[in-house]
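One chain comes next, on its own, written as structure tokens: the form predicted on its own.
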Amino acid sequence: MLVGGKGTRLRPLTLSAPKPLLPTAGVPFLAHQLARAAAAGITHVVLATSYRAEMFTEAFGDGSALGLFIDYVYEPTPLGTGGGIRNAAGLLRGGPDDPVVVLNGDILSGHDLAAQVDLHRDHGAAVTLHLVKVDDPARYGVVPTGAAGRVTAFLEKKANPPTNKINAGCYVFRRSVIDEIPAGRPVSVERETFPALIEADAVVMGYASDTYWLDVGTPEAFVRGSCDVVLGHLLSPAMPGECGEALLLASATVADDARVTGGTVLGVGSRVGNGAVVHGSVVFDSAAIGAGAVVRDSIVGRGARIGDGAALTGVVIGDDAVVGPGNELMHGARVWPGVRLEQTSIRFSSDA
């Protein structure tokens, strides 16, 4: 699992924790991927870390609590997707023809991972990619395939692409292919490894599915992903509770006349005051939402305070920040950790 990125698109949340460890539907995001891996029969996982690497060990230890054995490898300088995979090769098990599943650490997916491995084995493939269809393929590099699902090319972003199938960030490699990736330098699997395999007439397969899939790299997608799991749009064995309109973790409290809906998560010890509305949001541990406040489609960081009557729509509030009474923050605004916005009637939007 590739978990070394800095998650800059999710700042300020990722100033204190790597993106794969941000709380998502009640647990660290990566717990959902690890649970899926275990459910597919995987027993050994290597986490390819870099940014805040020590936090992964603290979160998951040896993996025994999840029914897994977890190893860790550190990447001191960014090596790209291919370089990160190659950097983990020394900890892999099995023989040269055995399959190795590689997962990007920022993807929520409901596709059948075991079926992808079966397709890989059945075709004796060098690599098998999970592919998904998107509404606007011009925004992505696309992956055309032949009638039998064999990948024929990797095409960079272009107008009028020949297919709407894109690389979904889950690969099954033949172990020997990983060993052939150049070591000690940055390598892109999309621009270097996969095109070279196709040029050499190696079998590169596409496993296409139309199940749930989401890249959670932006605040909007992160919130959506967490809410979708809570609402049951994507079932995850890692979620600590039943699906429904809200997930309240231990000692979270909600005033009797407050409303918490839309797949919202309230973290441990968080509080929602009288008459407040919290919809489709992620509220981290020990945060507080004041009386009459309205929080929609937003992220409220650990220990943050939202004042009485404040209104948040589509914003990110950093850890221990304070949004005073009467503030209105909208449309992508971000408040850094520890910042205090005093009482005001001024509206703020990042579009302003």
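The structure presented is a predicted model; accordingly, all values stated were derived computationally and were not measured. All residue numbers are counted from 1 along the displayed sequence.
Another form exists, predicted together with a small molecule; not displayed. Remarks below refer to it.
Q: Taking the small molecule in the predicted bound form as the reference, which of G267, G263, G225, G84 has a non-hydrogen atom within 4.5 Å?
A: Spelling it out, the residue with a heavy atom inside the cut-off is G84.
Q: Just to confirm the contact call: exactly one of 97-105, 230-238, 115-123, 192-200 touches the small molecule in the predicted bound form at a 4.5 Å heavy atom cutoff, so which is it?
A: Stretch 97-105 is the one.
Q: Could you confirm whether L79 comes within 4.5 Å of the small molecule in the predicted bound form, counting heavy atoms only?
A: Because a heavy atom of L79 falls inside 4.5 Å of the small molecule in the predicted bound form, the answer is yes.
Q: Answer with yes or no whether A48 is in contact with the small molecule in the predicted bound form, where contact means some heavy atom within 4.5 Å.
A: Yes, contact at 4.5 Å.
Q: Can you tell me if R9 lies within 4.5 angstroms of the small molecule in the predicted bound form, counting non-hydrogen atoms only?
A: Looking in the predicted bound form, residue contacts with the small molecule include R9, since a heavy atom lies within 4.5 Å.
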